[in-house]
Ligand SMILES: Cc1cc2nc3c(=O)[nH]c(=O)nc-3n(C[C@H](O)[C@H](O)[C@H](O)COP(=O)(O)O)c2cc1C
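Form predicted alone, single chain, as structure tokens, below.
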């Protein structure tokens, strides 16, 4: 299709970006523009008026992270068709897609499709895997096929908003903060990758690594970014949550799409 695909995403560990990119491939857009809102200072003020937008977010406890909404609120449109993507860790996406629908509509986008895809859970480890390696090759292929379906819908001149699973009012938002990954000083090389990957900018690297735990969103970007496994996340609260996920959410789920 001869249009521009605008990829608007918040993707601390890169999984949401993978899915939005695959959907854009399926759309067949001649041009792809990325609006990566993950890191501090990454917000961009723009009013989109051509092409199709793909808005992707990770799901945190069944909701859209507040930080996503804050970073994306400077991107507006005037009736631009958009595709919504919620990336969740094999538990449930609950009200995230309908919350994202309402946000996108308020920003001036016209929602024409939505999808809930699976990504490796932020609490997953090699020893305690939760949707490890997702999205995998099959997920990415399904995302491409979803993009092709959306392209057909748009080519047919159908811009209706589909019914999307979720509840309004949304479930109560879980408050994050006070808990964060720690640093294993025996392993740490002070490379700074943890600080560079942190969406909230709460990690400082000097002669040691310091984390301002009150503003950590527990995305585990720093854990995944560390090449020497020096950012373990083994707080009792997280260990308990990880055990629950292993016990109840180990059966692989498939993406759900709404067109």
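Everything numeric in this text was worked out from a predicted model, so none of it was measured. Positions refer to the first chain, counted from 1.
Beyond what is shown, the protein has a form predicted together with the named molecule; the following relates to that form.
Whether 11, 16 and 61 all lie within 4.5 angstroms of the named molecule in the model of the complex by heavy atom: Every listed residue reaches the named molecule in the model of the complex, so yes.
Proximity of residue 92 to the named molecule in the model of the complex, heavy atoms at 4.5 Å: Looking in the model of the complex, residue contacts with the named molecule include residue 92, since a heavy atom lies within 4.5 Å.
Contact label in the model of the complex: residue 122 to the named molecule, heavy atom within 4.5 Å: Result yes; residue 122 sits at the interface with the named molecule in the model of the complex.
4.5 angstroms heavy atom contact with the named molecule in the model of the complex for residue 27: Residue 27: no contact with the named molecule in the model of the complex.
4.5 Å heavy atom contact, residue 87 and the named molecule in the model of the complex: Yes, residue 87 lies within 4.5 Å of the named molecule in the model of the complex.
Contact assignment for the named molecule in the model of the complex, among 53, 218, 230, 68, heavy atom within 4.5 Å: It is 218 that has a heavy atom within 4.5 Å of the partner.
Heavy atom contact within 4.5 Å of the named molecule in the model of the complex, the stretch among 187-195, 53-61, 201-209, 39-47: Heavy-atom contact with the partner occurs in 53-61.
Partner contacts for 152-186, taking the named molecule in the model of the complex and a 4.5 Å heavy atom cut-off: Heavy-atom contacts to the named molecule in the model of the complex: only 176.
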